[in-house]
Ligand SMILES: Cc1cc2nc3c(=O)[nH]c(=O)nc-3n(C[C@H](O)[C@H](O)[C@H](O)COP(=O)(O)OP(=O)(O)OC[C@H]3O[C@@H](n4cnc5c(N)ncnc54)[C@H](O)[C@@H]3O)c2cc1C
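First comes one chain, alone, set out as structure tokens in the form predicted alone.
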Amino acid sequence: MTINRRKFLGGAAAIGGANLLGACATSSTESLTPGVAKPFLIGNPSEVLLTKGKTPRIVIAGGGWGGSTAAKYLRKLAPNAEVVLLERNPVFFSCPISNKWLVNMVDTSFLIHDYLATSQKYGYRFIQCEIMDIDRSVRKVVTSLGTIEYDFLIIAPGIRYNYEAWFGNDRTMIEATKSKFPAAYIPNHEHFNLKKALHSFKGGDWVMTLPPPPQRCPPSPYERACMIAWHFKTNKIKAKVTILDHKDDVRPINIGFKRAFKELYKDYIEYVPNAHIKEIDPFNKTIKTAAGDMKFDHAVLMSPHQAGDLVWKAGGIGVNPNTGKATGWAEVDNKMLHLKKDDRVYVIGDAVGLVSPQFLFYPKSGHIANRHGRIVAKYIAERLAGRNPEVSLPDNLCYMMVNGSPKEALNVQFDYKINEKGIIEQTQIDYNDRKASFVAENFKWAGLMYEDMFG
């Protein structure tokens, strides 16, 4: 399933949009007034949300790049199955392209899409709710609106921030860090808070901490640093972006990013490798690292990443055999993508754990999640038809803008195959030369991906 970048981008881009709606659904298990029944949509986690019929039911937990793709493709490939998409957010908001949005290179309407309209168009159910628990023993998902049974479950939760690695169980420090210096790597209000902070920043030291691998979209923090530095440079703001990288060097697209730092932003970006975080104080705005300590005026504090909460609730997290500690990522069959302990439960996208001794993890990107959604939809459709599915592998393609005037971007491509020993191999191609054509390709790519999920 190898991608040809230029062939893939040959079609016309489709730009979708929707109005950004209200906050996530909430619930209460208590009546509004003693003796008075609650309205249906307020919900009760102990009640049945949807009665199970004879038709096979596939529940998808999470409506990001992977979950939305899986829902659409399941309706195409398994038209006789009931497909239900559960998602906490009222609309889809894209993390890919959001770094350009932070500096006003794209409008919000390019990043958001309407879940309800798409579900009505393709004939699956969309339910906005919080998922409280997943009980695999009885194949049931507990939501804020009630319980729902499944025959197959697809968990597409993205990531969670592992603030515990920094602060243990100190809720005060965690909440202060999230509210004052959001990472903005999970689609929610954090992106808007970060954008507001950036455009009100008058100057000084702006710090970015980069998580240790594996992390969501490894090249995107470098892109974000470049876009922020470009904003400072363009608006003549006396400020410096300090990148505190856990890794020993820039990866991926090493040469391209380092050239951008030096040639475009030598007065605006300072790159610090091996900056393992020792201590962060969000109140006094200080950071202690293995590479040195510093104060800051504002920061994007990206803690280590882990599989999203839903994998933990489903008991799908792997365990390191040497230490007995949780790996933080879903333990899946590396080719079929279902949990090793439960072939009725699939995990797709960023939450997927180890898949190969050669490269360890798939890149945790929107493109991979989209491909996983397609692949798992095909697997389930084949199983429902009584056939054994053939193995499919994803591909990956990422564009990273590094300059806004003129608009220039970099590109990285990943291809996968299974070798004679049954091991998945990765081939990575870095395109290190800044090109305006990559910017155009990036927006075509995004439009085509949105079309694939929502069009």
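One rule holds for the numbers: they count along the sequence shown, beginning at 1. As the structure is a computational prediction, the values presented were derived from the model and not from experiment.
There is also a form predicted together with this ligand; it is not shown, and the following applies to it.
*Asks:* Would you classify G316 as touching this ligand in the model of the complex, given a 4.5 Å non-hydrogen atom cut-off?
*Replies:* Flag for G316 set to no.
*Asks:* Can you check whether S119 is within 4.5 Å of this ligand in the model of the complex, heavy atom basis?
*Replies:* Because no heavy atom of S119 falls inside 4.5 Å of this ligand in the model of the complex, the answer is no.
*Asks:* I'd like to check something about E130: if you look in the model of the complex, is any of its heavy atoms closer than or equal to 4.5 Å to a heavy atom of this ligand?
*Replies:* So E130 counts as contacting this ligand.
*Asks:* Taking heavy atoms only, is N162 within 4.5 angstroms of this ligand in the model of the complex?
*Replies:* Contact check for N162: no, nothing within 4.5 Å of this ligand in the model of the complex.
*Asks:* Exactly one stretch in 332-340, 177-185, 243-251, 197-205 has heavy atoms within 4.5 Å of this ligand in the model of the complex; which is it?
*Replies:* Result of the contact check: 177-185.
*Asks:* Can you tell me which bits of 349-366 touch this ligand in the model of the complex, meaning any heavy atom within 4.5 Å?
*Replies:* If the 4.5 Å heavy-atom criterion is applied to this ligand in the model of the complex, 349-366 yields G349, D350, K364, S365, G366.
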